[in-house]
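Next up: the same protein chain in two forms, each one alone, written as structure tokens (structure 1, then structure 2).
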Structure 1
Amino acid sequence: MTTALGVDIGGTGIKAAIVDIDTGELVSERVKLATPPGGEPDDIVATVVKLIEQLGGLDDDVPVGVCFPAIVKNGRTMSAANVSHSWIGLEAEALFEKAIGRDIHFVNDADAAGFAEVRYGAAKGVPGLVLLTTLGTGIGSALIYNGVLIPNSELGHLMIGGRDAEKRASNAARERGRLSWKSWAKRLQRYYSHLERLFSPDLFVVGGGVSKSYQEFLPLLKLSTPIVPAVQRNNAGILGAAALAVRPPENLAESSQSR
């Protein structure tokens, strides 16, 4: 059994667990602590260290993956969603590595969730281009082509009608506008039709908490591309971060089909 630690950092909570990379099952309890008020770097790093201690520490050979709500480029956080702006431009990967005492794999949270769905979830065994979107406060996105992650897609910020797509099509926009499912689906239709024209994906996967209510809105969408709800939900970030910490097969879609 190959195991890795996955850590999922969010604006309100930080979660961690040890994952069986072969099966995608958690082999420890999932521990969670509140994200420190203000979301400052040193405070979040200290919280991650506490979570590792709650899990009993780590053996020297256990890889570590951490996902974070930001554009991540060469170990730097180039944006900050629901955390302190002190993260912007920070050598965040090195900061975590110093505190934890080992190398880590550091990745955007939506990218980790998308990777988890390809490896263990709704897109397992699907060849070609999988496009995951998370509908929440904004819209996160992940592009995975034949098992290879294309990082930092940020497709919630596509301009549609002169506005960021997430300003009108996120779940937060639905709640702010007190939109019916039907009215919201019209906005989603415009968004996903635009993505379809740009990328011609083989599968859309829809995540975020609202995906639990997928029967209220996904059947209302008329697309050429199949569109399905995510299945990993609360564990997606942990699973994806852990899986990415272990060097994956070059083509996960093919390897998933062969298992």
Structure 2
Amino acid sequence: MTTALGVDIGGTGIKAAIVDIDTGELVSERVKLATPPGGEPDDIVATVVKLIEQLGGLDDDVPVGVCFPAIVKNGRTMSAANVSHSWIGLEAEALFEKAIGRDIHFVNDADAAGFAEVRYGAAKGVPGLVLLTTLGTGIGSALIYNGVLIPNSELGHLMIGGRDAEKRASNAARERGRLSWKSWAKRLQRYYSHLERLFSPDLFVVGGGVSKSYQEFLPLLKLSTPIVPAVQRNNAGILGAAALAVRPPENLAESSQSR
């Protein structure tokens, strides 16, 4: 069994678990702590260290993958929508590596979730263009073409009607506005119709914690593209980060082509 530790940093909570990357199953409990208010780098790093301690520390050579809600380029965080602006331009990967005492694989959270759905979930073996969106504190996106992940697509920040899409259509926007499922679905309709016009995808996969209630809103959407809930739901970030730590993306492309 090949295991890896995955950490999923979100705007609201930080989760971690050890994953059997051959099957995509969690082989430890899933530990979770709230994202520290303000989302400052030192506080988030300290929370990740705490979660790893809660999992019993790091075994000798277990690979570690960490995913984060920002553009990640060469180990640096290049944006910060739902965390402190001090992350912008920060050598974040190095910061985590120093605190944890080990090399990590560092990636955008929605890209990790997309990778997990391709390997273990709703997008497994699906040819063409899969567009995964995570509906959470923000909206994250992953574009996967024939099994190859195109990173940092950031489609949650499309401007629709002059407004940042995630401010209107994320799950946090639903909660803030105490929207009924029907009212929220109207906003989602506008968002997914826009994505459909731009990309003509073959499949939409909807992730994030709220995807467990998919029956309340997915049937209300009228799209030509099939739209399905993520199979891995709220564990997708952990699974994807862990899997990427063991197997870099180019290998995923090879494996999906040979399927």
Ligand code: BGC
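Every residue number counts along structure 1's sequence, beginning with 1. Source: prediction; values computed, not measured.
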The form predicted together with the named molecule is shown as structure 2
Would you say whether residue 126 and residue 228 lie in a single rigid part, where the chain moves as two parts between the two structures? yes
From C-alpha superpositions of the two rigid parts, what is the smaller part's rotation angle between the two structures, in degrees? 17
